[in-house]
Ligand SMILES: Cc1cc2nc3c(=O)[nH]c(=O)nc-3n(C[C@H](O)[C@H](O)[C@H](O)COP(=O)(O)OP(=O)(O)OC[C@H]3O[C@@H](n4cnc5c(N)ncnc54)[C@H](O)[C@@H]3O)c2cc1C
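Take a look at this one chain, the form predicted on its own, written out in structure tokens.
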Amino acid sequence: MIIDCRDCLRLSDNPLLQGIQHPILVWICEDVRWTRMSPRRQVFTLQAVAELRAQARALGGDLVIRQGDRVAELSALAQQLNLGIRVNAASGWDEREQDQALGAERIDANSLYVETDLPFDQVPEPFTKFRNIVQKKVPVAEPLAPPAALLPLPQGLEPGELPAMPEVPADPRAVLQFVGGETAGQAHLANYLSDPRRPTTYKQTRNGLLGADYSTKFSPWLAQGTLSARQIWHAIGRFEREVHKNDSTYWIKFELLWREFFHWWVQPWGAGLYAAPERCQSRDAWWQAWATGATGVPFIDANQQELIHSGFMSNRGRQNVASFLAKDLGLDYRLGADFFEYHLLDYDHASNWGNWAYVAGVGADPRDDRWFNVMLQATRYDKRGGYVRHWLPELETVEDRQVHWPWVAGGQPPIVAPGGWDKVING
């Protein structure tokens, strides 16, 4: 059986390998998808691919690497080897269309639950209803052990070469220097749980902006499939049994359930959720200002600079920059979702598109009034301006009381757009 390792770059807790005596592990560097990743995200991915190949070779097998069109490359391998194809059941419309064209067996490898265990045909809304149902009725399965050994590739099957690794300098301002791969993901999980102060204060610290420990930072490895949601769920459960259980440890599971909700929620959508938005020429300046972190609003610009230069942004930051784009600038939320796809190390199709649609008020639990007052948010979560100064050193000498309003002290005024934003920035 050909195992497509797309977004499932691990050997432990990998349902794709279950019941297969001779799996042929394959990773496709898909041309279209690859161009939608920043060089930093490409490096993070290739680190995981390289480690998976090393792990497979250590067990006697290998990882087949191909570059090009995913359907064409997998179809050619299937024909060459006269084998079927098994894939991770990704939630995206494009991926599902490809899987159908391949006639592939889809396995729920990256979710907490498998589709056949869900006690509903249509995902209930809002999230609270979904959460209450699955928590009461669907247990999370224990993680699977990794294979003890793999067989060599069939004779005549060339393993292929790893694509060239882009050169991307690390930014010392980043909250964490993320390294891709199963080993790094497992080490990060173990390290996070090694200090009880982290998981037992998560609910209070999760809206932080600076530092490595204010939130779990599991998401980059979850997104590339080098750490599974089930592994995290049960690791938290062990921590609760052996160390301490409180509302913060539960809240980590709560966030995993949000991820799970979006994984199932986006699947009934067609291409409409992702269709390329029409760009209004008169708004190009607003888009460029947002995309380059040059709006003149420090809280927005600092978060954008962090994303561009490190591949990461806090949850609090994501909500604010999304609201600013969709509500204050009045731009299509899909522009922002595409931008996040390119830059985020933890880009997860369902979480990204589901959350962008949610903030824009057109997704799950649609509401027109879902809007963040970014100035109020800035003063609440960055009171003394330490975060904005960290990413915008030009604000170093601005007083605390003016750091989020530098234009008051004679700085460059922010961009102004319809919708009353000018009233917000001026007080």
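The first residue of the sequence shown is number 1, and the count goes up from there. None of the values given here were measured: they were computed from a predicted structure.
Omitted here: the form predicted together with this ligand. The next part is about that form.
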- Message: Please identify, from 148-156, 235-243, 302-310, 345-353, the stretch that has a heavy atom within 4.5 Å of this ligand in the predicted bound form.
- Response: 345-353
- Message: Can you work out which of Arg230, Arg106, Lys203, Lys217 has a heavy atom no more than 4.5 Å from this ligand in the predicted bound form?
- Response: Lys217
- Task: Consider the chain as shown here, without its partner, and state which of Asp332, Asp338, Glu255, Glu95 has a heavy atom within 4.5 Å of this ligand in the predicted bound form.
- Result: Glu255
- Query: Among Leu222, Ser314 and Val359, does every residue place a heavy atom within 4.5 Å of this ligand in the predicted bound form?
  - Reply: yes
- Message: Quick check on Gln319: any heavy atom within 4.5 Å of this ligand in the predicted bound form?
- Response: yes
- Task: Consider Arg259 of the chain shown here, and say whether it contacts this ligand in the predicted bound form, taking contact as heavy atoms within 4.5 Å.
- Result: yes
